[in-house]
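Single chain ahead, written as structure tokens, the form predicted on its own.
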């Protein structure tokens, strides 16, 4: 609260004080009052007015400075009223009461909104679990009757299965930490499970699947990391080149303080202008428009899960040549202490 702004706000009051002072001065002169008495009363009136304005400014300044400071540094700004005392001046009390009622109404509305979102997510989770059963049955029937069904039908059922997995993990990813089981996990096991899950698609798309130097262990959650690898492999197959032989390489590099897992493919790559945005929610980019139907959610979920698991992720690519996704697992010495 600046003093100059306060003076401008109180300008009418100051003009009133000055007018009263002049009227008083003229009246004292008209009644031929002694000069010392006039000067004494003038000084008294001046100091009374100055004291009144100063006291009013200082008490308001303290309140508003505390309010602005707390508002600036609070993450959840709607809780600012909980951090300040109720003001001692009347206008402030009216403002404080109004803000309290507004804040209360907003919190009640927010609570109802959060409850509706939670109910919806719970329903989606339940729905996905239910729909996964007939999808699993369809996949089993396709496997048992591989020669009787056309390839395109089997492919579409697999796509539906992949998208239902994506919905389930997206809904859970916001609070995925509640479902973490962080432990030492063998990368070779994760890669093997990912390869088995995508075996039919890899064979049908004639993709060479190469695995090197993954006989290392990292600290992560096996279930969520398997989903991340599955999303990356699916992306590699979705954006493979049609005219050339396709290759997906998964390999790991170890340093003193970290392990970096690479998922590399020789697909269509990512345009330089799209690369900084590929992990943004619903971003499809050039490839999503020209090569395949894309939701723009896969890499967004992968990035969110890596962040929550404490893993770094970096994507390097060159359009028409390759894409390399590197996931960094830092070594946790505390975990291995006896």
Partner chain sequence: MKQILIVEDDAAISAELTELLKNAGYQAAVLTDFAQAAETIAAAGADLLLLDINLPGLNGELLLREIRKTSQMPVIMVTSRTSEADEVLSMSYGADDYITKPYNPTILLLRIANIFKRIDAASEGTAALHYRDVLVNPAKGTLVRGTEELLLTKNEMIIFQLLLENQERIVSRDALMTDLWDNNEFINDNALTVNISRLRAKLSEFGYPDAIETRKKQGYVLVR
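Source: prediction; values computed, not measured. Numbering follows the first chain given and starts at 1. If you superpose the two forms and keep the largest set of C-alpha atoms that fall within 1.5 Å, you have the rigid core.
FYI, the form predicted together with the partner chain isn't displayed, but the following is about it.
Residue 143 is the only one of 104, 86, 143, 152 with a heavy atom lying within 4.5 Å of the partner chain in the predicted bound form. When the partner chain is considered in the predicted bound form, only one residue from 80, 139, 124, 186 comes within 4.5 Å through any heavy atom, namely 139. For the partner chain in the predicted bound form, the listed stretch (235-243, 193-201, 108-116, 256-264) containing residues with heavy atoms inside 4.5 Å is 193-201. Within 4.5 Å of the partner chain in the predicted bound form, a heavy atom is found for all three of 129, 135 and 169.
Contact annotation for residue 249: none of its heavy atoms lies within 4.5 Å of the partner chain in the predicted bound form. Using a 4.5 angstroms limit between non-hydrogen atoms, residue 71 is distant from the partner chain in the predicted bound form.
When the partner chain is considered in the predicted bound form, residue 163 lies well away from it, no heavy atom lying within 4.5 Å. Under a 4.5 angstroms non-hydrogen atom cutoff, the partner chain in the predicted bound form lacks residue 213 among its neighbouring residues.
Once both forms are overlaid on the rigid core, the distance between the two CA positions of residue 140 between the shown form and the other one is 2 angstroms or more.
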